[in-house]
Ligand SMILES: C[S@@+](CC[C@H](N)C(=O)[O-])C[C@H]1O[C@@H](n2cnc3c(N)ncnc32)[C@H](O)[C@@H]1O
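Below sits a lone chain in structure tokens, taken as the form predicted on its own.
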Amino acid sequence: MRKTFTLFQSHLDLAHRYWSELLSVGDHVIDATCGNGRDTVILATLGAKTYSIDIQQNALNEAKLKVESKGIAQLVTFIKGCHSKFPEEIESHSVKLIVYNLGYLPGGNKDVTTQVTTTLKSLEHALDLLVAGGMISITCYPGHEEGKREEEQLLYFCQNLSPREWSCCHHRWINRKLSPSLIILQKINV
């Protein structure tokens, strides 16, 4: 059983709190790494039109079952593919939130992970998709080699974004070795 903390219990709880404060019914969002569908369910439950992307068909199948069981399937479009390529119908400056939960599929093959090159390519494209005030939420898992490289490169990328255009923060527990971390980017309203 998880202990109760006043503000949040995990990096995912913190991310979900940010999402719920940001989103309004009808906003467009992208779950760029669908995985088992937990984030997709949360996004659609908040009333957001959700594009849910994953490279693994078994992940999408499980996510579809979760979405259907919650009665929110009409809000979700599932796309089999790499997170480095967003659907062409998603226009620039039309998305309120893009979510990345990096690493490997929980319960799946740990050799199939997100990769630094495709994640950076995706993030570069994601910047242009956001509306002013929109946000990118990235959960990193540095407990495995590719996850460590991914987090290092993402932090470097984010540190070099213009502070006139982006607010960027990094959340990590400093007393938990190799703990997951949360990177939040918000496009400044200009």
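Throughout, we count residues from 1 along the sequence that is shown. Note that the coordinates shown come from a computational prediction; the quantities given were computed from them, not determined experimentally.
This next part talks about the form predicted in complex with the ligand, which is not shown.
Proximity to the ligand in the predicted bound form, defined as a heavy atom within 4.5 Å, singles out one entry of Pro87, Gly81, Gly107, Gly71, which is Gly81.
Although the partner is absent from this view, Gly35 contacts the ligand in the predicted bound form, with a non-hydrogen atom inside 4.5 angstroms. At the 4.5 Å threshold, heavy atoms of Glu151 stay clear of the ligand in the predicted bound form, well away from it. Contact annotation: Thr113 falls within 4.5 Å of the ligand in the predicted bound form, judged by heavy atom distances. Heavy atoms of Ile53 reach within 4.5 Å of the ligand in the predicted bound form, making it an interface residue. Just one listed stretch, out of 22 to 30, 37 to 45, 153 to 161, 130 to 138, contacts the ligand in the predicted bound form at the 4.5 Å heavy atom level, and that stretch is 37 to 45.
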